[in-house]
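The data below hold one chain only, encoded as structure tokens and taken in the form predicted alone.
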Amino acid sequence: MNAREEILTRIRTALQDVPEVAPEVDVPVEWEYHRATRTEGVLDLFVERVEDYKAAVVRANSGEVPGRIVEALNAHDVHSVVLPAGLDPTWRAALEASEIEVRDDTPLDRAQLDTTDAVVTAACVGAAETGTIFLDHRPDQGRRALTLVPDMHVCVIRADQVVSDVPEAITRVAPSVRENQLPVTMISGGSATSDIELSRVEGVHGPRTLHVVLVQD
């Protein structure tokens, strides 16, 4: 008997007393898909997990959002920002009143985006357990390139857009894909990757800096 036959013989011997039923029946899983797994402290958990990715999070009410956006951009010495066409007009007005150059996506080509310091967008949904923000690229978020090329992303998300976990977030974002064929971008902190020697490189596949404004009214 070779090694292969010996291993298979041992497996068959070990399985002699196991009833022959379908695997999904043999191992029932007590789980209901799409249900929320957490109802308390979701916002605090979301903030904690987003900050784990070295992203900044500030809380604000609706009226404070324009000022928080400008503060964040100035704090990072941003000189130019691109804005999606459907961005909240009060946010746009605050930026236009600042000394930061506002660029509309006309659309901008790659070279123009590459020389743009930052982008400001809204969001679709956030998953608290992973600190992940989902964009479905509606007019207040713009096309994907806007959130991939500039080096800083200021993302505004409302408290009612934050859910417990990824399955619940997928349920929220699913209609955007199924009914509107929109792309989805999932963001967990600033862009970073590591090679086989664990040398960390930031900004390879997207902005190095993520700044989140959480709107709580």
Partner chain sequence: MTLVHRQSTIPVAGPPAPRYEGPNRRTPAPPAGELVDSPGFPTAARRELDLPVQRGNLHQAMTTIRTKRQQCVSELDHWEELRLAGEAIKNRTLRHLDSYLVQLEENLTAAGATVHWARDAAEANRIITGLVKEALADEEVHYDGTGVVGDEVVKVKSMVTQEIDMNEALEAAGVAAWETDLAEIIVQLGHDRPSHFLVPAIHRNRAEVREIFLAEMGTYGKPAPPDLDSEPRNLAGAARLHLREKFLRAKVGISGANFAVADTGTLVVVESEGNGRMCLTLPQTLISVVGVEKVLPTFDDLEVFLQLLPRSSTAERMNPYTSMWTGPTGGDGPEKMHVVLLDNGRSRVLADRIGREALRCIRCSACLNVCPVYEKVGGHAYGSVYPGPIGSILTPQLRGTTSAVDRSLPFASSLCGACFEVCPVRIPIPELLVYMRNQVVESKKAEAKSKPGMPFLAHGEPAAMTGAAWMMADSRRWSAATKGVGLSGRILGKADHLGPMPWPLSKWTNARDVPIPPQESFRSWYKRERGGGSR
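Small disclaimer: the values here were computed from a predicted structure and weren't measured. Numbering follows the first chain given and starts at 1.
What comes next is about the form predicted together with its partner chain, which is not displayed.
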TODO: Indicate whether R158 is a 4.5 Å heavy atom neighbour of its partner chain in the predicted bound form.
DONE: no
- [ ] Using a 4.5 Å heavy atom cut-off, state whether D44 contacts its partner chain in the predicted bound form.
- [x] no
- [ ] Look up in the predicted bound form whether S80 has a non-hydrogen atom within 4.5 angstroms of its partner chain, and give yes or no.
- [x] no
Task: E6, heavy atom within 4.5 angstroms of its partner chain in the predicted bound form - done: yes
Task: in the predicted bound form, residues of 1 to 21 near its partner chain [heavy atom within 4.5 Å] - done: M1, N2, A3, R4, E6, I7, L8, R10, I11, R12, A14, L15, D17, V18, P19, V21
